[in-house]
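Before any questions on binding or motion, here is one chain by itself as structure tokens, the form predicted alone.
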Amino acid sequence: MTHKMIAVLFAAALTSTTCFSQATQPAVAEDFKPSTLNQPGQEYPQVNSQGYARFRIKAPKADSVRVSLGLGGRGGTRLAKGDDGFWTGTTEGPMDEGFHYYHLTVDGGTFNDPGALNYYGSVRWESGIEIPAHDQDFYALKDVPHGNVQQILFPSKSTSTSRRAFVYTPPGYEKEKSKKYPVLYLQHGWGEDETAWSNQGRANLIMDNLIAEGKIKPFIIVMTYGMTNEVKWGRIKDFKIEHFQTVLVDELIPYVDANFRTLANRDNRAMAGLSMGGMETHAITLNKPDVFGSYALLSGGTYTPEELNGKSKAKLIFLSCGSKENPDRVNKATADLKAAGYNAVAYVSEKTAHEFLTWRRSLHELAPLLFK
């Protein structure tokens, strides 16, 4: 992965943050309800049927309160102060469906909304808000058999510590003691950590629902922290893939194969990642083509036939993005791969940008294609 490609990838992350239309909007429907991601008993923030969000913050001594939404906190809504000391405001337009990070800027300081749950993103615990999606059923919590997400600590000699990963095992794993499973190694984006795919991405619920519907072959998902040499915002070019590649390939995979009932071979092992996790997937699968049999880049770049030439052929190459990102690039790359004889699939999430609904939908489309 070149520094130029990295710069393009993260420029997309910065410019794809939630924004508000400047065009004339229809009247705001006053059917606001508390966000499903609120702290217990908290009425705000709220969302309405059109996708608007409304905030209410108690800060009687403040002179300015603004809500910043999206990766890096770009864009936002200024709140107005009432006589009761509460600041209230509604977004200027509807937001994209799905999950969004946000925080408060109060008199120049950065704070989380005390009414909302927190999620690790932008290299800090950010407030989260969920705009109900028209297709949210596929990641909804349903009355179906559920898998298990457990934390593991695995030894890492290369980093002189124990590192953390989360492992999703499908329903029935604990009962069927002789059954072995394929494994997907699924990476988060920059500024996030190994909790992202379960918390923000709903990966376990997506899997549970697909398995209950009989649409996929059950498999294990492993999610670990992708940053081995910490880099600050704007210094992503300093990230070196070799360190994380050692952790993943030489330390984590052997630990998972030794401690879980896996089908420990290339054809039953896949790697995927969103954004920076896609960058990591791209680099590691090219460096270690005999380790992974299927690859997926979710808003995380593309492959070319030239860079794959001469390497062990992937069973599946899956490329995706939001329709507000660069779908032409994804579609062209997929067409080029198909023309070169690769089993390549493109997916474009409609009306989303560099955000979690894009990646939830991408995982939902990817999972049935894996391990056939």
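The first residue of the sequence shown is number 1, and the count goes up from there. Keep in mind it's a predicted model, so treat the numbers as computed, not measured.
Although it is not shown, the form predicted in complex with a further copy of the same chain is what the next lines describe.
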Handout entry: A62, G109 and F260 all contacting a further copy of the same chain in the predicted complex, non-hydrogen atom within 4.5 Å
Key = yes
Exercise for the section: Find the only residue in L79, V247, L117, I211 having a heavy atom within 4.5 Å of a further copy of the same chain in the predicted complex. Expected result: L117
Problem - Contact residue in the predicted complex, from N268, T90, T302, N204 (heavy atom within 4.5 Å of a further copy of the same chain) - result: N204
Exercise for the section: Verify the contact flag for W125: yes if a non-hydrogen atom of it lies within 4.5 Å of a non-hydrogen atom of a further copy of the same chain in the predicted complex, no if not. Expected result: yes
Practice task
Flag Q39 as yes or no: does it have a non-hydrogen atom within 4.5 angstroms of any non-hydrogen atom of a further copy of the same chain in the predicted complex?
Solution key: yes
Exercise for the section: Give a yes or no for S158: in the predicted complex, does one of its heavy atoms lie within 4.5 Å of a heavy atom belonging to a further copy of the same chain? Expected result: no
Handout entry: 4.5 Å heavy atom contact, Y255 and a further copy of the same chain in the predicted complex
Key = yes
Practice task
Please determine, with the chain shown alone, which of 281 to 289, 141 to 149, 294 to 302, 128 to 136 has non-hydrogen atoms within 4.5 Å of a further copy of the same chain in the predicted complex.
Solution key: 141 to 149
